[in-house]
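As structure tokens, one chain now follows by itself in the form predicted on its own.
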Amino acid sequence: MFERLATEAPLFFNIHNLVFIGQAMGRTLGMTLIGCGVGFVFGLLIAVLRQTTGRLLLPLRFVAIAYVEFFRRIPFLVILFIVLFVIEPLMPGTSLFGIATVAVCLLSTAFLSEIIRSGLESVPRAQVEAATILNFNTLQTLTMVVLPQSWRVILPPATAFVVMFIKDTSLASQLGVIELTFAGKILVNRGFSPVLGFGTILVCYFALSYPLSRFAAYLEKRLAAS
């Protein structure tokens, strides 16, 4: 085995394969950051909506709760195929990368909204009531009282979720998206050793995940209550 690895390594690590793997890493990271970035924005909106108490917003709160509960209980692979079969008839020619990114947005919105909601609810109720007494409106209370204190609860698990999703994007290979896992399959099918092909992919996943993991640990320590 080691003789085969030593023989194939110079052929494997040529400029064309390195560029191919780099492009696959870019797609993996792009799906994760775009999908989770959009998911964080919409997750924040859903979490804030669920904190409201007005009767006029009751139907929207019901829809938000139904959305979160629905998508949190469906496997990501199923969501990928649902998005594929919905988008393809409506917008023919949409790239598989775009379809996979939409699926990531749908799932990350549901999970991140729960993370954000737990952070918002960690702020003592007395401080919200004090803001109301000081005649703060809802937006002022959210931006000046609740969010500054809830970030320390929200950011560490949210960053950990992003790290986890870097690995889950490998399921997008089932649609034909050439991300890291699919790139490994292609390289092995070209005749390279599976140990060499998927070993390189393993290192690439580690290179993407480890810095984010350390960043999450830094945030947890930096934002911890004194």
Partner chain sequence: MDYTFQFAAVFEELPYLLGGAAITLQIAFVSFWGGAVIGLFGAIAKVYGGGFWRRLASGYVVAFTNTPALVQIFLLYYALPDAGILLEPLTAVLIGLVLNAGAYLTEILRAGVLSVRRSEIEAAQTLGMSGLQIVRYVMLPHIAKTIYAPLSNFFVWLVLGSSLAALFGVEELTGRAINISTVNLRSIETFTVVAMIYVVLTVIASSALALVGRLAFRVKAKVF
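It should be emphasised that the depicted structure is a prediction, and the values quoted were computed from it without experimental measurement. Positions refer to the first chain, counted from 1. Take the two forms, superpose them, and find the largest set of C-alpha atoms that agree within 1.5 Å; that set is the rigid core.
Below: the form predicted in complex with the partner chain, not depicted.
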### Message
Contact with the partner chain in the model of the complex for Q51, defined as at least one heavy atom pair within 4.5 Å: yes or no?
### Response
no
### Query
Does Y205 reach the partner chain in the model of the complex if we count a contact as any heavy atom within 4.5 Å?
yes
### Query
Going by a heavy atom distance of 4.5 Å, is S213 a contact of the partner chain in the model of the complex?
yes
### Task
Answer with yes or no whether G98 is in contact with the partner chain in the model of the complex, where contact means some heavy atom within 4.5 Å.
no
### the partner chain in the model of the complex: contacted by all of M164, T181 and K185, heavy atom 4.5 Å
yes
#### Entry: Sole residue of L171, V38, A64, L44 within 4.5 Å of the partner chain in the model of the complex, by heavy atom
L171
#### Entry: in the model of the complex, residues of 28-52 near the partner chain [heavy atom within 4.5 Å]
none
### Message
Superposing on the rigid core, is the Cα displacement of A217 between this form and the one not shown 2 Å or more?
### Response
yes
